[in-house]
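There is one chain below, alone, in structure tokens, taken in the form predicted on its own.
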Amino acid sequence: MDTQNRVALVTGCGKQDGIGAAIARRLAGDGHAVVVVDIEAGGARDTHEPDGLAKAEWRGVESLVEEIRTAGGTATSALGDISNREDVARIMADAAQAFGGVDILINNAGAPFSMGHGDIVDVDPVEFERVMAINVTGTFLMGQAVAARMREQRWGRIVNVASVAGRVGSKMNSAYSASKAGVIALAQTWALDLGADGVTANAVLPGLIHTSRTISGMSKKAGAPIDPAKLSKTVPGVPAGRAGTPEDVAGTVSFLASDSAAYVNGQSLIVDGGSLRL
């Protein structure tokens, strides 16, 4: 992949086994300088999240930066709430101070699955609004913060990590599904706003991906802990025969962030092992 000393900012990187961390590792391996971001160093803990998935020495984004640097890459970290305009401005200022600015934005941060989860009659409207604030408003604020620079330099890549739930819905997940549909729509709209300026905006729609958050969400729905080992075995309804890995998503993001994807714009790339065939 051509990099030309580009700078990638990835949100939602605090979980050791998360999609954000996998994306940051992959983009650093591609040669980009990477800014890894989360609301707190280890990411927001979800209800029913199993213990012991991260190593005891894992310190969230700090450990991720050290890992990338040890592997020969370039990285720094920043903390902040993407739904807060002041935090977004500070995150961007940190990125500019470290590397000059952001050329590639990966909007991966999202509200915990358990927030706003439940049947329509049981969902707390306050939690619904918080999910929308993080997933939709936060994604918008981050995109808005990088758009002017990308337009001026006539090159940029924005990738919004959405979900198949944003395309087909998800039972007892009004807030999550609606917010992910919004994330997809933002990418489509930005493709129209910025496409003539050499900037692409796309969405990646993961399906069943083996992460602590996925296990937490499945446990919440089941009302009992889910055995993580089961996701590595045959999964009914997934033609690939297994749950996806964060690295599966990272590979797709790597392509969309590259020069090779210059003519891919406003698209929703589904990464689900063939479960949803559109």
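Nothing here was measured: the structure is a model prediction, and the numbers come from that model. Numbering starts at 1 and runs along the sequence shown.
Although it is not shown, the form predicted in complex with a small molecule is what the next lines describe.
- When the small molecule is considered in the model of the complex, only one residue from 173, 202, 77, 163 comes within 4.5 Å through any heavy atom, namely 163.
- With the partner omitted here, the residue from 184, 150, 95, 109 that has a non-hydrogen atom within 4.5 angstroms of the small molecule in the model of the complex is 109.
- Proximity to the small molecule in the model of the complex holds for none of 143, 156 and 254, with the criterion being a heavy atom within 4.5 Å.
- Only one of 67-75, 119-127, 186-194, 80-88 lies within 4.5 Å of the small molecule in the model of the complex by heavy atoms, and it is 80-88.
- The small molecule is not shown here, and in the model of the complex it never comes within 4.5 Å of any heavy atom of residue 238.
- Contact annotation: residue 28 falls outside 4.5 Å of the small molecule in the model of the complex, judged by heavy atom distances.
- Contact check for residue 208: a non-hydrogen atom falls within 4.5 Å of the small molecule in the model of the complex.
- The closest non-hydrogen atom of residue 102 lies beyond 4.5 Å of the small molecule in the model of the complex.
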